[in-house]
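There is one chain below, alone, in structure tokens, taken in the form predicted on its own.
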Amino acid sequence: MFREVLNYIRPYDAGIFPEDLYKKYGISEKNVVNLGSNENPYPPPKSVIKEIVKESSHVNRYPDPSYPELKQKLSEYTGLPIENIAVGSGASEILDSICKITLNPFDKVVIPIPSYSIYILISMLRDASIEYIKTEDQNFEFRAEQVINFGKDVNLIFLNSPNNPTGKSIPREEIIKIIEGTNALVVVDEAYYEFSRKTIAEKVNEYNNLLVVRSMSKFFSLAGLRIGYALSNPKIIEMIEKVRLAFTISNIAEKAAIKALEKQNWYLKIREKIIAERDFVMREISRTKGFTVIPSDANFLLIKLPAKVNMSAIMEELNKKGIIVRDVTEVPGLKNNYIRITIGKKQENRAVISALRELSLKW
């Protein structure tokens, strides 16, 4: 009745949520320092909230499934024509649609790891043959040759820049070498683009095998509304739009996204706060015994812990203090102990630093 591949797939682990700490320790949500999911700690501006409330009175109606108004705003934001843009319910739906249009059973997919684990899940669901490039021993960096060496029979390559969970960006020249050195569709996931300001999107009409994926969950504070989009040449965009399920973006999400795109100056000010805090957190934790912090271009930090520590005990102690970070030790491609910390508000970041320093005294 069920497909054999399902025996080898684990559901996506989204980590711990504030309600979990309430159930286990009685800690109210307002007292939780929630830095586990790379969300923007600041809610969207009031004008976006008002738009959400206003549009809620229209939830008895379907949105236009082609989302022309949203695509127009994204065109203005990206500088690319509407025919270069597809939309979806978060970047995850876009990524899944990419697998739908490119992969037949046993087609080859190349994924540098560690990276966003969804790439593995959606490739496995298409019965793909997955080739991994391990990067931990290379300071979480890789070169184009490592990808190109897999040969001309590769169908799909996932690149995450800035990468989750490392925060590292892939050098532009390396991405271009990969695009030019393969016949595969090269997917560059730029979900954290607004924090790095590094992009390859302007090249989508120059190369017929380049597709850029972006999200409005991180920079635009709309993680709960699920809006993502793809940038590519018109032929690939047409294919994605063919397989995308109708009405996957709600009318509330669409209107909120449109309004958010009109408030870029507000978001840029928030970005500066987050970047300044990221640099502060990196400096402070780097000075704490036993921690190694990986430099990041995103709104989070990957932190290596000593091999001798008990990760379950560490997470338990942090949770008891009402602090949520992500234990990424079991992410494919990592062989040491790591946690990933989202950059929060000033007070939240200092609470995490204090808690980690206290833990380090026990090592």
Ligand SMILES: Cc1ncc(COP(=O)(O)O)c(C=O)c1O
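Numbering starts at 1 and runs along the sequence shown. Note that the structure is predicted; figures quoted are calculated from it, not measured.
Separately, the form predicted in complex with the named molecule exists; it is not shown, and the next lines address it.
Contact check at 4.5 Å (heavy atoms) against the named molecule in the predicted complex: none of Y67, V87 and E241 pass.
Among the residues S123, S97, N155, N160, the one placing a heavy atom within 4.5 Å of the named molecule in the predicted complex is N160. Screening T182, S215, S169, S221 for any heavy atom within 4.5 Å of the named molecule in the predicted complex leaves a single hit, S215.
With the partner omitted here, the stretch from 169 to 177, 276 to 284, 196 to 204, 222 to 230 that lies within 4.5 Å of the named molecule by heavy atoms in the predicted complex is 222 to 230. Remark: F291 does not count among the residues lining the named molecule in the predicted complex, judged by a heavy atom distance of 4.5 Å or less.
Put simply, N209 is far from the named molecule in the predicted complex: not one heavy atom of it is within 4.5 Å.
For the chain shown alone, S92 is a contact residue for the named molecule in the predicted complex, at least one non-hydrogen atom being within 4.5 angstroms. Taking the partner from elsewhere, Y77 is found to have every heavy atom lying beyond 4.5 Å of the named molecule in the predicted complex. Along 159 to 197, a non-hydrogen atom within 4.5 Å of the named molecule in the predicted complex is carried by N160, N164, D189, A191, Y192, in order along the sequence.
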